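The chain that follows stands alone, in the form predicted alone, written as structure tokens.
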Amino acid sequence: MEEKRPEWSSHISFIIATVGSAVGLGNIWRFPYIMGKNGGAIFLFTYLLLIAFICIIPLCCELGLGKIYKKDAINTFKTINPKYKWLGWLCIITVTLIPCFYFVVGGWILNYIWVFITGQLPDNFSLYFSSFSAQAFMPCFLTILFLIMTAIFPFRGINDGIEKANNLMMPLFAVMLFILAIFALTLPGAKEGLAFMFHPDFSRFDKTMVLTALGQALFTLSIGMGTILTYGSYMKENTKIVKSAYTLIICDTTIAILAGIMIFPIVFSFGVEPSAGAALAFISMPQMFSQFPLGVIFGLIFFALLFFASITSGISMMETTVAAFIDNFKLSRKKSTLLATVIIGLISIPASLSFGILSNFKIFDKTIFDLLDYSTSNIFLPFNTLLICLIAGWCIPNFWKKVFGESFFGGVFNILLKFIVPFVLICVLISGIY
């Protein structure tokens, strides 16, 4: 007899867990620096339009597929047509590879939390970060520690593990983000930072910026890796798909905007380049916090914020892999979690070492870390999303009616799903490759 699939204990628990999956490092440092690199306000407005009218389609697809079929990604596509089973495996490969570099960053966050707890701040964070990330032992150790901390929650299950983790961490995350945003608004550069965010420069509008905004929107919503599909498979029957999708988008976008409100006033106050990339989180921001009164406290809050963002996303990625192992290998949840932990750990170690002893080992002129990041973000995610939309739109009879019902908006959804969104995703995929 097939074991009954677990369900979220309540709608709010589902929303919090799904928001926790979507809200990650992409919201806290990736969104602000990409926004800074692409013109500030004009990028933000473009992003808001794209996420509300384009990205809602694949998001509803994954939630709908999960709710309708109540299976992991592999068996969902196998049920639609056995020929599509490989797409499920591609989603699982993608969602297993992402933590292999993502958890390396999680290890860096743990290290910075320790630095700010002890108050032993280096004079030059640029030299400190370069020296630390190039070490062989400590970054690997902290990466594995972060992996184990993440794996605890899928190991404990949906209700006792994942739900409880998100119900505790996400409110704390929101409070800390709000505190830091209020603090940033008191700084001398707040006015210039907000003007950069909300006063558009239309001369910066071009097709590259549009494709970048769309790529960021897909990345931040965790679309194309089977995570949203897996979380959707735990939905109760009375949960509304479209309403849940827009709730997720509103929460995710609000957090991204608050992250910008937190970061841009700080960087403008200190004259730091807002498009500084990963260095913004691990060099520029801690360097600036070290110069504030009570900067140690605010720096600790900032890295605790990054920790909660990264671990809630990490939990959802691991759960997607674990659910696939449970359903396809007929393993227990505990054995499936251990298997996923071992696989991710074995790949994440060379990814961590690519900043040190493996820095000269390159594939397609990229280090292991960069290759994992580039291939998953720029190729696998848009490619998977494209195929998910094509299968949902063309291979499942009346899929749009199952999501929207027979309404005008359902008809619009169907046109977007079959024609518009696939074209846009092909453009994103080509842009990501070339």
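In this text the structure is predicted, and so the values were computed from the model without any measurement. Residue numbers here begin at 1 and follow the sequence given.
Only in words, not in the display: the form predicted together with ligand PFF, which the text now covers.
- Exactly one listed residue, out of 104, 98, 214, 281, brings a non-hydrogen atom to within 4.5 Å of ligand PFF in the model of the complex: 98.
- Comment: ligand PFF is not present in this chain, but in the model of the complex one of 166, 341, 313, 233 has a heavy atom within 4.5 Å of it, namely 313.
- Figure note: of the listed segments 6-14, 21-29, 406-414, 419-427, the one touching ligand PFF in the model of the complex, with heavy atoms no more than 4.5 Å away, is 21-29.
- Contact check for residue 219: a non-hydrogen atom falls within 4.5 Å of ligand PFF in the model of the complex.
- Looking at residue 225, you'd find a heavy atom of it within 4.5 angstroms of ligand PFF in the model of the complex.
- Taking the partner from the other structure, ligand PFF in the model of the complex has no heavy atom within 4.5 Å of any heavy atom of residue 263.
- Using a 4.5 Å cutoff between non-hydrogen atoms, residue 351 does not count as a contact of ligand PFF in the model of the complex.
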